[in-house]
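The form predicted on its own is given below as one chain in C-alpha coordinates.
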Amino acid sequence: MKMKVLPAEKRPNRRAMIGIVCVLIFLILITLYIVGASMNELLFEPDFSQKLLPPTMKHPFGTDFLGRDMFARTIKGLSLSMFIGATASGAAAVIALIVGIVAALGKTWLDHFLNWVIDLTMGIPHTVLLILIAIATGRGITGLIIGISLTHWTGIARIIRGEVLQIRSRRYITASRKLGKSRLWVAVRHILPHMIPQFFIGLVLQFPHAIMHESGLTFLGYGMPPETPAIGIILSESMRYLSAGMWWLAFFPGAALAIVVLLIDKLGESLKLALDPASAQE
(Lines give C-alpha, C1' and ligand atoms only; values in the text may rest on other atoms or scores of the structure.)
Protein backbone atom coordinates (compact mmCIF):
# COMPACT_ATOMS: atom_id res chain seq x y z
CA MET A 1 0.00 0.00 0.00
CA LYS A 2 1.45 3.33 -1.08
CA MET A 3 1.33 6.30 1.21
CA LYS A 4 -0.10 9.51 -0.16
CA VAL A 5 2.45 12.31 -0.12
CA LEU A 6 1.12 15.80 0.35
CA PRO A 7 2.34 18.51 -2.03
CA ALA A 8 5.12 20.68 -0.67
CA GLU A 9 2.87 23.70 -0.31
CA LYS A 10 0.35 21.73 1.80
CA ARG A 11 2.84 20.12 4.19
CA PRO A 12 3.36 21.94 7.48
CA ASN A 13 6.62 23.84 7.47
CA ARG A 14 8.48 22.35 10.41
CA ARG A 15 11.32 24.83 10.17
CA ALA A 16 8.91 27.77 10.41
CA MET A 17 7.04 26.24 13.34
CA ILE A 18 10.26 25.47 15.23
CA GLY A 19 11.40 29.04 14.65
CA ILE A 20 8.11 30.42 15.92
CA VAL A 21 8.19 28.29 19.09
CA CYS A 22 11.83 29.11 19.89
CA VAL A 23 11.46 32.86 19.35
CA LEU A 24 8.18 32.98 21.29
CA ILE A 25 9.74 31.18 24.27
CA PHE A 26 12.70 33.55 24.25
CA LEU A 27 10.49 36.64 23.94
CA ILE A 28 8.22 35.42 26.74
CA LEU A 29 11.22 34.92 29.03
CA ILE A 30 12.52 38.39 28.15
CA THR A 31 9.09 39.91 28.79
CA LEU A 32 8.71 38.19 32.17
CA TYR A 33 12.16 39.33 33.23
CA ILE A 34 11.45 42.87 32.03
CA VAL A 35 8.21 43.02 34.02
CA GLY A 36 9.91 41.69 37.15
CA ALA A 37 12.89 44.03 36.94
CA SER A 38 10.77 47.05 36.09
CA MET A 39 8.77 46.67 39.30
CA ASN A 40 11.90 47.08 41.47
CA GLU A 41 12.03 50.87 41.77
CA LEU A 42 15.13 50.71 44.00
CA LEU A 43 17.21 49.89 40.91
CA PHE A 44 16.51 53.35 39.48
CA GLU A 45 17.60 55.40 42.49
CA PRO A 46 20.63 57.71 41.88
CA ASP A 47 23.86 56.93 43.73
CA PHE A 48 26.54 59.54 43.02
CA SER A 49 29.23 57.40 44.64
CA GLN A 50 28.71 54.83 41.88
CA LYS A 51 28.45 57.13 38.85
CA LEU A 52 30.01 56.29 35.48
CA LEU A 53 31.35 52.90 36.53
CA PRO A 54 32.33 50.43 33.78
CA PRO A 55 30.60 47.02 33.57
CA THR A 56 31.13 44.86 36.68
CA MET A 57 29.45 41.82 38.25
CA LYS A 58 27.27 44.14 40.33
CA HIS A 59 26.44 46.40 37.38
CA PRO A 60 26.63 44.28 34.19
CA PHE A 61 25.93 47.30 31.94
CA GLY A 62 27.80 49.80 34.12
CA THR A 63 26.27 52.93 35.65
CA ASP A 64 25.30 56.32 34.22
CA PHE A 65 26.24 59.90 35.20
CA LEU A 66 23.87 59.75 38.21
CA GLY A 67 25.08 56.35 39.41
CA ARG A 68 21.95 54.54 38.23
CA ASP A 69 22.28 50.93 37.13
CA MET A 70 22.32 50.83 33.31
CA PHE A 71 21.07 47.26 33.19
CA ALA A 72 17.91 48.20 35.09
CA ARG A 73 17.40 51.30 32.93
CA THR A 74 17.84 49.26 29.75
CA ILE A 75 15.29 46.70 30.92
CA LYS A 76 12.83 49.47 31.79
CA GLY A 77 13.40 51.12 28.42
CA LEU A 78 12.78 47.85 26.58
CA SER A 79 9.52 47.37 28.48
CA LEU A 80 8.32 50.81 27.36
CA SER A 81 9.41 50.21 23.77
CA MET A 82 7.70 46.80 23.60
CA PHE A 83 4.47 48.19 25.08
CA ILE A 84 4.37 51.11 22.66
CA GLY A 85 5.35 48.89 19.73
CA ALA A 86 2.72 46.25 20.48
CA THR A 87 -0.07 48.79 21.01
CA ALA A 88 0.79 50.86 17.94
CA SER A 89 1.23 47.77 15.73
CA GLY A 90 -2.13 46.39 16.84
CA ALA A 91 -3.87 49.71 16.15
CA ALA A 92 -2.18 50.00 12.74
CA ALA A 93 -3.19 46.44 11.81
CA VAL A 94 -6.82 47.10 12.78
CA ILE A 95 -6.88 50.31 10.72
CA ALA A 96 -5.35 48.47 7.77
CA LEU A 97 -7.86 45.62 8.01
CA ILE A 98 -10.85 47.97 8.03
CA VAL A 99 -9.51 50.23 5.26
CA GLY A 100 -8.43 47.31 3.08
CA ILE A 101 -11.81 45.58 3.24
CA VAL A 102 -13.80 48.80 2.79
CA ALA A 103 -11.66 49.84 -0.18
CA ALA A 104 -12.12 46.51 -1.96
CA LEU A 105 -15.82 46.03 -1.21
CA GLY A 106 -17.03 49.63 -1.22
CA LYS A 107 -18.07 51.88 -4.04
CA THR A 108 -15.62 52.71 -6.82
CA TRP A 109 -15.19 56.31 -5.68
CA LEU A 110 -14.49 55.13 -2.13
CA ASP A 111 -11.85 52.72 -3.38
CA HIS A 112 -10.17 55.50 -5.38
CA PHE A 113 -10.31 57.86 -2.42
CA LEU A 114 -8.79 55.34 0.03
CA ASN A 115 -6.09 54.46 -2.49
CA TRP A 116 -5.30 58.16 -2.77
CA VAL A 117 -5.04 58.40 1.03
CA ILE A 118 -2.71 55.37 1.10
CA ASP A 119 -0.50 56.83 -1.64
CA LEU A 120 -0.43 60.22 0.09
CA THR A 121 0.51 58.69 3.47
CA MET A 122 3.20 56.49 1.93
CA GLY A 123 4.58 59.44 -0.04
CA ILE A 124 5.38 61.43 3.10
CA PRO A 125 8.58 60.32 4.91
CA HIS A 126 7.67 58.39 8.05
CA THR A 127 9.97 60.33 10.32
CA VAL A 128 8.60 63.72 9.23
CA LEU A 129 4.99 62.59 9.57
CA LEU A 130 5.70 60.94 12.92
CA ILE A 131 7.29 64.12 14.29
CA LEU A 132 4.34 66.25 13.15
CA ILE A 133 1.77 63.89 14.67
CA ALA A 134 3.76 63.47 17.90
CA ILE A 135 4.00 67.24 18.35
CA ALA A 136 0.31 67.74 17.53
CA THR A 137 -0.78 65.08 20.04
CA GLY A 138 1.41 66.24 22.89
CA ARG A 139 4.27 63.72 22.60
CA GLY A 140 4.62 61.09 25.33
CA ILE A 141 3.28 57.55 25.09
CA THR A 142 -0.08 58.64 23.65
CA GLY A 143 1.49 60.77 20.94
CA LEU A 144 3.90 58.01 19.93
CA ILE A 145 1.17 55.37 19.73
CA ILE A 146 -1.08 57.64 17.66
CA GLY A 147 1.76 58.70 15.39
CA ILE A 148 3.11 55.20 14.76
CA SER A 149 -0.33 53.66 14.20
CA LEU A 150 -1.35 56.41 11.75
CA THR A 151 1.82 55.99 9.66
CA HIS A 152 2.26 52.20 9.63
CA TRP A 153 -1.10 50.92 8.38
CA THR A 154 -0.71 51.67 4.67
CA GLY A 155 1.45 48.72 3.65
CA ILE A 156 -0.81 46.17 5.35
CA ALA A 157 -3.93 47.88 3.96
CA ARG A 158 -2.62 47.59 0.40
CA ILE A 159 -1.88 43.88 0.84
CA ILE A 160 -5.30 43.20 2.38
CA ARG A 161 -7.04 45.14 -0.40
CA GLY A 162 -5.29 43.02 -3.02
CA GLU A 163 -6.32 39.82 -1.24
CA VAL A 164 -9.94 40.98 -0.99
CA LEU A 165 -10.02 41.85 -4.70
CA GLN A 166 -9.03 38.27 -5.50
CA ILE A 167 -11.50 36.69 -3.08
CA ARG A 168 -14.53 38.77 -4.06
CA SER A 169 -14.54 37.33 -7.59
CA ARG A 170 -15.17 33.80 -6.34
CA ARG A 171 -18.48 32.11 -7.00
CA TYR A 172 -19.74 31.88 -3.43
CA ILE A 173 -19.24 35.65 -3.04
CA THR A 174 -21.19 36.29 -6.23
CA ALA A 175 -23.92 33.88 -5.10
CA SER A 176 -24.24 35.64 -1.74
CA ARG A 177 -24.60 39.02 -3.44
CA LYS A 178 -27.29 37.67 -5.81
CA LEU A 179 -29.17 36.24 -2.84
CA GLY A 180 -29.47 39.76 -1.47
CA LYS A 181 -26.77 39.67 1.19
CA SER A 182 -25.34 43.06 2.09
CA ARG A 183 -21.71 44.09 1.61
CA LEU A 184 -21.24 44.07 5.39
CA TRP A 185 -22.60 40.53 5.68
CA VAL A 186 -20.33 39.31 2.90
CA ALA A 187 -17.34 41.07 4.46
CA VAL A 188 -17.90 39.61 7.94
CA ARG A 189 -18.90 36.06 6.92
CA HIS A 190 -16.79 35.42 3.81
CA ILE A 191 -13.95 37.95 3.59
CA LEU A 192 -12.83 38.55 7.17
CA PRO A 193 -11.92 34.91 8.01
CA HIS A 194 -9.53 34.82 5.03
CA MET A 195 -7.81 38.01 6.19
CA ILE A 196 -6.92 36.82 9.70
CA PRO A 197 -3.53 35.32 8.66
CA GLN A 198 -2.56 38.50 6.79
CA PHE A 199 -3.67 40.54 9.80
CA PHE A 200 -1.42 38.69 12.26
CA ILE A 201 1.52 38.55 9.86
CA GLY A 202 1.29 42.29 9.24
CA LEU A 203 0.95 43.01 12.96
CA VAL A 204 4.07 41.04 13.90
CA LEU A 205 6.12 42.39 10.98
CA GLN A 206 5.20 45.97 11.92
CA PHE A 207 6.17 45.40 15.57
CA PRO A 208 9.96 45.87 15.11
CA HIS A 209 9.42 48.92 12.87
CA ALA A 210 7.24 50.48 15.56
CA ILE A 211 9.88 49.85 18.23
CA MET A 212 12.63 51.39 16.10
CA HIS A 213 10.55 54.44 15.23
CA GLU A 214 9.65 54.96 18.89
CA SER A 215 13.31 54.82 19.90
CA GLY A 216 14.36 57.05 17.01
CA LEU A 217 11.76 59.71 17.77
CA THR A 218 12.65 59.67 21.47
CA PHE A 219 16.35 59.94 20.60
CA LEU A 220 15.61 63.05 18.50
CA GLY A 221 13.65 64.61 21.37
CA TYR A 222 10.12 64.24 19.97
CA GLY A 223 9.02 61.16 21.90
CA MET A 224 9.20 60.32 25.59
CA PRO A 225 10.00 63.06 28.16
CA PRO A 226 13.65 63.32 29.35
CA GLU A 227 12.94 61.87 32.81
CA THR A 228 11.63 58.60 31.33
CA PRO A 229 14.13 55.70 31.16
CA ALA A 230 13.37 54.99 27.49
CA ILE A 231 15.99 53.51 25.18
CA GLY A 232 16.00 56.65 23.03
CA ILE A 233 16.58 58.84 26.09
CA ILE A 234 19.39 56.55 27.31
CA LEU A 235 21.13 56.63 23.92
CA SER A 236 20.69 60.39 23.64
CA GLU A 237 22.23 60.95 27.09
CA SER A 238 25.14 58.62 26.31
CA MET A 239 26.26 60.66 23.28
CA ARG A 240 27.96 63.31 25.44
CA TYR A 241 30.11 60.67 27.19
CA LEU A 242 31.24 58.58 24.21
CA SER A 243 34.19 60.87 23.47
CA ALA A 244 35.41 60.24 27.04
CA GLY A 245 35.59 56.50 26.36
CA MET A 246 32.43 55.49 28.26
CA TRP A 247 31.26 53.16 25.51
CA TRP A 248 29.05 50.99 27.71
CA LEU A 249 26.46 53.77 28.09
CA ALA A 250 25.44 53.39 24.43
CA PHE A 251 26.64 49.89 23.49
CA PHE A 252 24.56 47.73 25.83
CA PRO A 253 21.21 49.56 25.45
CA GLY A 254 21.66 49.70 21.67
CA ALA A 255 22.62 46.01 21.47
CA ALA A 256 19.65 44.98 23.65
CA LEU A 257 17.28 46.96 21.43
CA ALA A 258 18.77 45.43 18.28
CA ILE A 259 18.47 41.88 19.66
CA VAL A 260 14.79 42.32 20.60
CA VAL A 261 14.00 43.87 17.20
CA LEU A 262 15.78 41.07 15.31
CA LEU A 263 13.98 38.41 17.36
CA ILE A 264 10.57 39.92 16.67
CA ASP A 265 11.43 40.30 12.98
CA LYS A 266 12.47 36.62 12.88
CA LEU A 267 9.17 35.71 14.52
CA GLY A 268 7.28 37.63 11.82
CA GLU A 269 9.20 35.94 9.00
CA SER A 270 8.62 32.49 10.51
CA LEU A 271 4.93 33.26 11.01
CA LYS A 272 4.65 34.38 7.39
CA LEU A 273 6.38 31.22 6.19
CA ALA A 274 4.04 29.05 8.27
CA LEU A 275 0.73 30.78 7.46
CA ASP A 276 1.40 31.92 3.92
CA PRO A 277 4.27 29.88 2.41
CA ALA A 278 3.46 30.90 -1.16
CA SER A 279 3.99 34.63 -0.59
CA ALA A 280 6.95 34.00 1.71
CA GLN A 281 8.86 32.39 -1.15
CA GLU A 282 8.29 35.35 -3.50
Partner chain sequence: MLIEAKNIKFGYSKSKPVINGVNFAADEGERVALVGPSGCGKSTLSQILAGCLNPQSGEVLFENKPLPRKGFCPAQLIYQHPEQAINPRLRLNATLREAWTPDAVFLDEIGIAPEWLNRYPAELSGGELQRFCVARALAPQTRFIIADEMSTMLDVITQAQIWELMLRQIERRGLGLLVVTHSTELAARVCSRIVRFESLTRQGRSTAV
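This structure is a prediction, so every number in the text was calculated from the model and none was measured. Positions refer to the first chain, counted from 1.
Just so it is clear, the following notes concern the form predicted in complex with the partner chain, a form of the same protein that is not shown.
This chain is displayed alone, yet in the predicted complex one of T87, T137, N115, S176 has a heavy atom within 4.5 Å of the partner chain; that residue is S176. The partner is absent here; in the predicted complex, the one residue of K181, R168, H126, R158 having a heavy atom within 4.5 Å of the partner chain is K181. Judged against the partner chain in the predicted complex with a 4.5 angstroms heavy atom cut-off, the residues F48, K51 and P60 are out of contact without exception. Mapping the unseen interface onto this chain, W109 falls outside it, with no heavy atom inside 4.5 Å of the partner chain in the predicted complex. Taking the partner from elsewhere, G162 is found to have every heavy atom lying beyond 4.5 Å of the partner chain in the predicted complex. Only one listed stretch (93 to 101, 79 to 87, 194 to 202, 118 to 126) carries heavy atoms within 4.5 Å of the partner chain in the predicted complex, and that stretch is 194 to 202.
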